[in-house]
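Consider the single chain below, provided in structure tokens and representing the form predicted on its own.
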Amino acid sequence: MEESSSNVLSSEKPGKMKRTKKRSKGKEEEQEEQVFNFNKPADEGDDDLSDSEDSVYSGLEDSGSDSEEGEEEEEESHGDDGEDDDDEDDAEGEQSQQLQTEEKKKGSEGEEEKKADEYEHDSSDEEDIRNTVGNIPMEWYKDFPHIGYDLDGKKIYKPIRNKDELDDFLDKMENPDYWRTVHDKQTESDIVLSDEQVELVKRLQRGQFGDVNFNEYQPSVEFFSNEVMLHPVTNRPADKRSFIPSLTEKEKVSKLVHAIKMGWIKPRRVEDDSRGRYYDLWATEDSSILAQHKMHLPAPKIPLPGHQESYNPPPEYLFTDEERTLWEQQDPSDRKLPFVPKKFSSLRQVPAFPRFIHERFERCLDLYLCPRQRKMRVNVNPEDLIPKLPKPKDLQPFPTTQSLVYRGHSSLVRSISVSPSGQWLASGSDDGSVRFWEVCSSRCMKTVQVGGAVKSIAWNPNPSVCLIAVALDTVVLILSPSLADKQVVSASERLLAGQQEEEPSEGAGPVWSEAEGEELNQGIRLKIQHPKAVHQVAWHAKGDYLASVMPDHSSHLQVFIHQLSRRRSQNPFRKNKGLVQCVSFHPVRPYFFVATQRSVRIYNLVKQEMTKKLQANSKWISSMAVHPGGDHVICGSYDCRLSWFDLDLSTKPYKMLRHHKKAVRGVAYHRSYPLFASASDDGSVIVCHGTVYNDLLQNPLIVPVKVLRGHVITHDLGVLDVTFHPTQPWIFSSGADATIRLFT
């Protein structure tokens, strides 16, 4: 294809030969074989290509002048036409075979003169002047071998297009200019768009003007102005003197120049600084630049006068007698107005303003003393400082109402404990009795007289045994209440039947003994005699180990850990680290929590060393509870505080809650619900929602949800102990009024 196209594309030397040859062939032959040649110059190096007559394009001569100018003009007009058709052709996407377009050869000086082209200077770009068929749909010619007529009325034959889809695809892949090639239907040629033309198409697609230099927003020309013109507009020709330099002016100027040279005229008077200079701070302010400055302070402005300043103000602006006396009593800085509004019948009766000088002076002071630097104040909305907490309604379930009251004790109930099944409740009182209640009916199932004030009571957390530890005076009793099926009772008996191991006595250690007679009938199975008064007992989660606490400043024998199955006791601490208040086992891992007055120590029972020391930031810890997950601890204290510790986070409290007015006596976590509670001497139990997240980056969500009241304060003591039901969101509280209350 390239060869055949290059045969007809004239380069300089073959062009001359070809023309002479064609002339000799005669005009008829030439006219028959004319095919229009669009923008298809030959390559520079194609001079040696064959000049065969049976080429696809039977070499069409230029129908106009062959001069340089004509060729350029033609190319320009074609380019314009290409621009017009670009959009349409681009959209149709019918780019077909691409023939290389290059600039036409210059160098037609030596060619023979032709007759002048009448379209040489035609500026019309509406249609391509080389195909005179007019502005008609080119589909009309699709069944004809020609596509129109040239200027002489001869047919312009279509080039033979023998490219199939594969050639087109290869062309598309290999030709870098394929995307900018468009097919001109009117001339059946492929045109490669220049960068300018591509840019023009993009501009037109964006809806912009075709001309880059056209400013669509240029200011409109004011034909009429508000200025009165000195001379009327006339069509009289201008005077000669208006464009010839004036001799009189020249004379005047020369005189002035001479006077300046001689020093008779001083062109610029030099101002002496002897009088001193004064500056207006805000005179040179350009608002647009300075307003962008971060610390810019605009000059203070005097407020505009209102109705009060009028010499004849409306009656509502005049002071009444009370307002007048109040205005006189006020400090000048507190007054809303610096003057009293007065009424005059006419403007000429208005006296001079007595404070005029004073006000001017204050205004000058305002400008002179105005701070030139802005103090950055942080404007905080107070409501933004309150943390966004969910509503209690969204955090249900939690106990809200008092359901049952368990009455029967005659003195204050110090300690309560619920069975692992949640069916039974045990309570120990100062009246020397331990009572067992049915939770659902508040019926007292059993009463055991132990002969002393019960300080602490704890139900064994292992559901496969039914045992209770009771601390009174210096003894810890192990009771088997037989409130379970036979298998559980027999398992409990088997656990208690273990033989005591012979150990070297330490002298001051606990003494184990079995109960006899009446005590055995009441359910008391074992007695563990301690050297000092026991204040608290706590079970391990497996149910075989039991810890007892004997607070004593002077001794290191404050904590004992007892093993039921082997009936042995051991003192885990060799040194006295402070007055021990309460202890607790970790629910999952082998850790032991010991709360002294000011801190909580955590010991690793396997490595036998202290792993962490929590600073409670309170004066005296009263109670402690460990979260079922084991990573959080709450401590209540006698100075009305509740501290929540996150063990992964810090040894300082994560949250300090000061909701109670009096000493906090007891704290408790729920086993399965995200709830914890605190009981206080102010007679209330506060239930809080405490969600712990597995994601370490998210802090626990602690929201107080309910204050439960019901206990009567007796001898300045309110609620003494609090515990949750193991499965339901219910809470039990025992008080100094000798009652136990269930809130559901």
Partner chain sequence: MLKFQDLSNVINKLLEAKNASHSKVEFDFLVRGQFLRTSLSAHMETEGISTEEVVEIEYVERITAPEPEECMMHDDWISSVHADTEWILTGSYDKTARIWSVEGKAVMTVAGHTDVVKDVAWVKRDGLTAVLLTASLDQTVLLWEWNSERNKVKARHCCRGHTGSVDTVSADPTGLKVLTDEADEVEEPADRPRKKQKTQHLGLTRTPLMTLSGHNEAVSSVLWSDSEEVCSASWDHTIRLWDVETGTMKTTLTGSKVFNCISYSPLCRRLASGSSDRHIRLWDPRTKDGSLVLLSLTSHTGWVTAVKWAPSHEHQLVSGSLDNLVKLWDTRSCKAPLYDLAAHEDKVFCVDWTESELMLSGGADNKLYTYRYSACQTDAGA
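On a predicted model such as this, the values are computed, not experimentally measured, just so you know. Numbering follows the first chain given and starts at 1.
Heads up, the form predicted in complex with its partner chain isn't pictured, but that's what we're talking about next.
Checking 312-320, 477-485, 606-614, 217-225 against its partner chain in the predicted complex, the stretch whose residues place heavy atoms within 4.5 Å of it is 477-485.
For E199, no non-hydrogen atom is located within 4.5 Å of its partner chain in the predicted complex, even though that partner is not displayed.
Although the partner is absent here, E328 is not a contact residue: none of its heavy atoms lies within 4.5 angstroms of its partner chain in the predicted complex. Using a 4.5 angstroms limit between non-hydrogen atoms, P572 is distant from its partner chain in the predicted complex.
Using a 4.5 angstroms threshold between heavy atoms, Q186 stays clear of its partner chain in the predicted complex.
Out of the listed residues P551, P674, G422, G432, G422 is the one that sits within 4.5 Å of its partner chain in the predicted complex by at least one heavy atom.
Checking V418, L404, V192, V450 for any heavy atom within 4.5 Å of its partner chain in the predicted complex turns up a single hit: L404. Looking at 697-728, the residues that come within 4.5 Å of its partner chain in the predicted complex, counting any heavy atom, are H725, T727, Q728.
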